[in-house]
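Next up is one chain by itself, shown in structure tokens, the form predicted alone.
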Amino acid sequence: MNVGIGARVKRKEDKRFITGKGKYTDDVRVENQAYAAFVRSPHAHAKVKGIDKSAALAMEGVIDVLDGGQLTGDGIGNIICGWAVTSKDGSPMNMGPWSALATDRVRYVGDAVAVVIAESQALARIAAEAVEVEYEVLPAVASAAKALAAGAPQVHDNAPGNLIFDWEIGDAAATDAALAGAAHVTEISLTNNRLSPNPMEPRSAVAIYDAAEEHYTLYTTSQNPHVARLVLSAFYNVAPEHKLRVIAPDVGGGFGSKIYIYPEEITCLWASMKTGHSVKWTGDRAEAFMTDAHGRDHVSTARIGFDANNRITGFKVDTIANFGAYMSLFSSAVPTYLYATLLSGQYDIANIHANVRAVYTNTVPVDAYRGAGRPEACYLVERIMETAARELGVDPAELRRINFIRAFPHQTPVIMNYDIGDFEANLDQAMAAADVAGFAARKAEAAGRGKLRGLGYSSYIEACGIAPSAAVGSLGAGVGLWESAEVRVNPVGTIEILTGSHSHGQGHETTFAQIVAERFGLPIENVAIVHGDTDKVQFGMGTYGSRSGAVGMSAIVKAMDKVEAKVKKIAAHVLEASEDDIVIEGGEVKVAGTDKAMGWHEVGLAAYTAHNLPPEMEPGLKESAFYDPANFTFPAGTYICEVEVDPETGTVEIVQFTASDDFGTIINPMIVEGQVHGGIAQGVGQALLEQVVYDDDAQLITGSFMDYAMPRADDLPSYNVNHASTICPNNPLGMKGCGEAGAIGSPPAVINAITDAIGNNNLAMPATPLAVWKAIQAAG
């Protein structure tokens, strides 16, 4: 049975998940355990005038009530943003102070001012309600555009006019000249709606302080436990790094929202030391809506010019990005280096200029959410291309085809150097699979039933596996973006892979094991994947930005190279042969062309008994490696959405969704298809249903699933997923990322299809039935 690259191996980890044997942070039970509940501001903006803890402290079973003054008094530092962005005038970004517990001012509904530590979770929550906080309510602002207006409420004193930075990329003068000389210019204004990530597992933390050892342990729902430990020690002064262990056990979804260090983890660690108890906190869904980092929230205008042959001459973009009340860990990178650098899309555009203004508002902080800047760029590019095609009277597929990049490598005007791709192959495959040729007949048949039928395209590209570290460092990144791995061959021949990547649903325990099993000819059951524990794995950068395959697996390959070299040396010595003649296959190490062989387990045992090793060779058989990519990887593809709209109600049905993706080498097609399915579901959710809404006083309106609509099974079609791949030249496996593609490429395909059906291009996300019905009425 083939279990290697290309095999549809069922996920090893699913057995424990579907039988209820997974271990999540909330499942952790430790000695002397107490529970935390946070006292959160009901106001979007207010001064904290006083906190009365007396009623809560008088309750039996309440251990302590701690506030921001105590926390900062113990030297706990402010939460930081880890990517420095400089404004176009050379000034640094205006990063406002963010204490894990607010001291003098709260800046969004849910901002924590105190924490109650009690003997039970229920008691902690009851006691938190008894804490009385005196507030002086201040004016608040929720809209980024309004926050920039004269006289708007000031969120941070050190960010005049609420402006965090005013950043640009590309050549403004050349782009303006290209647009001025264009035969046709299309202009569009778009909002990329704010989203709540809503992973299945809420955030949770269990903090344990060992006074005897002055050592801290944190169990947490993290996508990158090593980065968490680094930041908690180096910047927040919670504990020295060598005295802090961070463990991320099973994590039930993240989508970017579990990359960051939140106030709760910091506070629980500090509270454990302060109270002498282990401290546990698990957020409920209401807390998730008002504290988990939100995504998107861009307002953009764009102009694109074409010559007389319908080739793009220039593209100019102005974007206002809402950062919420504070700068989160990677927030500054999202609308700059992860967004504006992808504005070339799949198209050969000589002149691009983008200006991005980042703005504070009295809302939940905004950071990376599945795709992180790439969906925002794709939505803008693909909506304006579709709009231009309609204005020019050109078939939207052909306008894309005319402008596709065909020669690689290709240097865009906005930093990115695309290494390889075949965009036309993905377009052709998608069109054939979607039966575009038969669409006119289907449209006519739908009209006979009183329905409106539309077809929408999206040709997306993304950049993932972010690196090399030197390059991102020069752009302001505060960390490297390499990955580490250690391959341990045990004396009996079983293998443990220690990886700095972390799984929160991607199936690493299966796919990582597949490449090892194939390389050494072993049963996949003989390979174990170890991750998520800073005391076990030397260091790693975690999982986000579709980096686990291209970067994480590449580190494993480099470590396996070293293991293989040592195995061949040992076998050559024992079998009295040349290293060049040694081959590894079928679980044996053989001398090619002979019957001389050692079982894989025999080599492992030989390495550890060390009775007969080559001269000067150290015993043991484990190797480690760090892999820093030479370039990003660039997954790409074309999505085609076909919808049917009921003109009487505005209800949209996606009758067909076709995907053609280029992911390079695919390790496990079943898992990749699952990733695409999930990504498209989230993209469809954004296009049709999801939106975080605040009122004019910055009160969160969509604070539960009663008000925030998530896609359900009957909102989604059966996807038609296809692959037309080019092999990435910049990593040893030829891989590109796949985890974010569906969420990047699907929203514009859906909106393009609906606007095609209804004959009105003026339709914003989410395209709810009411919004679609109004657009139909406006179209006449």
Partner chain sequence: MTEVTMTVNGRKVRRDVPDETLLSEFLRESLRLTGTHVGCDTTQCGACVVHVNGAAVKSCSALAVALDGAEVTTIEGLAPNGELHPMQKAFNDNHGLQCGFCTPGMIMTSVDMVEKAKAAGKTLTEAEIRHGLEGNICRCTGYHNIVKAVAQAAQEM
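Numbering follows the first chain given and starts at 1. Everything numeric here is computed off the predicted structure, so don't read it as measured data.
Keep in mind the form predicted together with its partner chain is missing from the figure; the text below concerns it.
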property	result
Heavy atom of each of 28, 286 and 710 within 4.5 Å of its partner chain in the model of the complex	yes
Its partner chain in the model of the complex: contacting segment from 61-69, 750-758, 36-44, 718-726, heavy atom within 4.5 Å	718-726
Interface membership of residue 128, its partner chain in the model of the complex, 4.5 Å heavy atom rule	no
Touches its partner chain in the model of the complex: residue 702 (any heavy atom, 4.5 Å)	no
4.5 angstroms heavy atom contact with its partner chain in the model of the complex for residue 292	no
is_contact(residue 18, its partner chain) in the model of the complex, heavy atom dist at most 4.5 Å	yes
Contacting member of 308, 211, 706, 437, with respect to its partner chain in the model of the complex [4.5 Å, heavy atom]	706
One residue of 602, 533, 509, 201 in contact with its partner chain, assessed in the model of the complex (non-hydrogen atom, 4.5 angstroms)	201
Heavy atom within 4.5 Å of its partner chain in the model of the complex - qualifying residues of 236-251	251
